[in-house]
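Just one chain is shown here, as structure tokens, and it is the form predicted alone.
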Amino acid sequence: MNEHTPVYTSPDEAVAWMGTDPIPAKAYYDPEWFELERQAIFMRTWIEIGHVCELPEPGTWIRRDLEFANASILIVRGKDGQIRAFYNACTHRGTQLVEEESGRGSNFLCPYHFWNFGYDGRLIAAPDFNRFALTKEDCKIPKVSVDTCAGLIFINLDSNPKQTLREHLGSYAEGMETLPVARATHFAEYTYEIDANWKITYDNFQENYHLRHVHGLTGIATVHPDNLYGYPTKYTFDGANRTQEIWSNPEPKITPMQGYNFGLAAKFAQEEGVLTGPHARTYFAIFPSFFIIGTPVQHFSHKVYPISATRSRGVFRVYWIGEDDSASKRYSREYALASIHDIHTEDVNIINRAQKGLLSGAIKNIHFMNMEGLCRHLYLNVVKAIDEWQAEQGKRA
């Protein structure tokens, strides 16, 4: 925990330490700046990649492709129950071992020359191997650092991470473990690609300033005399991570269908023992581009993967505990995912327009007001990570 973690008397006071300077617009579209982010952040920071419920027993695995690293990663649960991660590449000539998104078995067999690897990455066998000037020990699949918190799987592509996952999450690790995701057994997923920088995409979900203007069609706009923009009631910061407490509208404008579904979701959350909790209104934003919201009636996460300076891929997930053991529960869960999709559809156009407006270079700076403090905090920590990486490169030169 750092000096920016005390409880403040107001959200405005909580963000004042970051200042009010304009932010260089170039950081949101420039390929050279993106390459710095790629090297300084995404190639050596803990990245959320999945959930342990995807690896329910030994011999199960999932594949994740990361464009920013030109890499395909295998995350596996071994015979000993441990979760490990490897590059999806045969050490003979680099052929990808699997094309499927997930599976189960006892080994990975390269389709090219039938090199056979165990779930610990070791080479088990290879045809006519005695003709190679190698030992099987020489042919292990390169490992990737992997760890879990709150049931979430994180990887780090740095061969020697400067922080453990717990160190990266800081004081928020304990809070995240109280969320429903820590006990989740099922999820539904919505994936999208967008012509926008990863920060522009992610920042849209870090501020409420746009809600009443963009989301009127879905009825989630927080319009109330007490809080016209639905601003959070509290912010906290810990290192590069941040939280906000979601304001609860005492008179939400919802349709009868929304009310019915929220009632169902609350009933099921009560049965699952997660209806209340210390972080039921907390939004955890984990650097660089992952967040999860604690609300148990629509418990979801969102991560944004960079593809290029002006293109990103996002993944929304809604998490649940237990099987779909009734039609009502199935309906409630499908409705939750569909409603998130509807809301995001309204976001997509405005995010694209935000990116297009910057590409000419005519806009030199962008401006965050105090209630967009989480966006400013992200940018400041991007700069900090790049500065640290460049300093390290200078020492090595």
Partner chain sequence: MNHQQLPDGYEVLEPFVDFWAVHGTAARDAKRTASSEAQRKGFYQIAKDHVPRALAELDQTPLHQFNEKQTNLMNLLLSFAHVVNAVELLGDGEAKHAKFRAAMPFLRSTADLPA
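Residue numbers count along the first chain shown, from 1. For clarity, every value in this text was computed on a predicted model and none was experimentally measured.
Another form, the form predicted together with its partner chain, is not on view; read the next lines as being about it.
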query	finding
Segment that reaches its partner chain in the predicted bound form - one of 250-258, 228-236, 74-82, 155-163, heavy atoms within 4.5 Å	250-258
Its partner chain contact at His344 in the predicted bound form, heavy atom, 4.5 Å	yes
Its partner chain contact at Met369 in the predicted bound form, heavy atom, 4.5 Å	no
4.5 Å heavy atom contact, Lys26 and its partner chain in the predicted bound form	no
Contact label in the predicted bound form: Leu359 to its partner chain, heavy atom within 4.5 Å	no
In the predicted bound form, the residue from Phe129, Phe114, Tyr190, Tyr209 that sits within 4.5 Å of its partner chain by heavy atoms	Tyr190
Listed residue that, although its partner chain is not shown, lies within 4.5 Å of it in the predicted bound form (heavy atoms), from Leu264, Ala280, Val144, Ala182	Leu264
Contact set, 317-332 vs its partner chain in the predicted bound form - heavy atom within 4.5 angstroms	Trp320, Asp324, Asp325, Ser326, Ala327, Ser328, Arg330, Tyr331
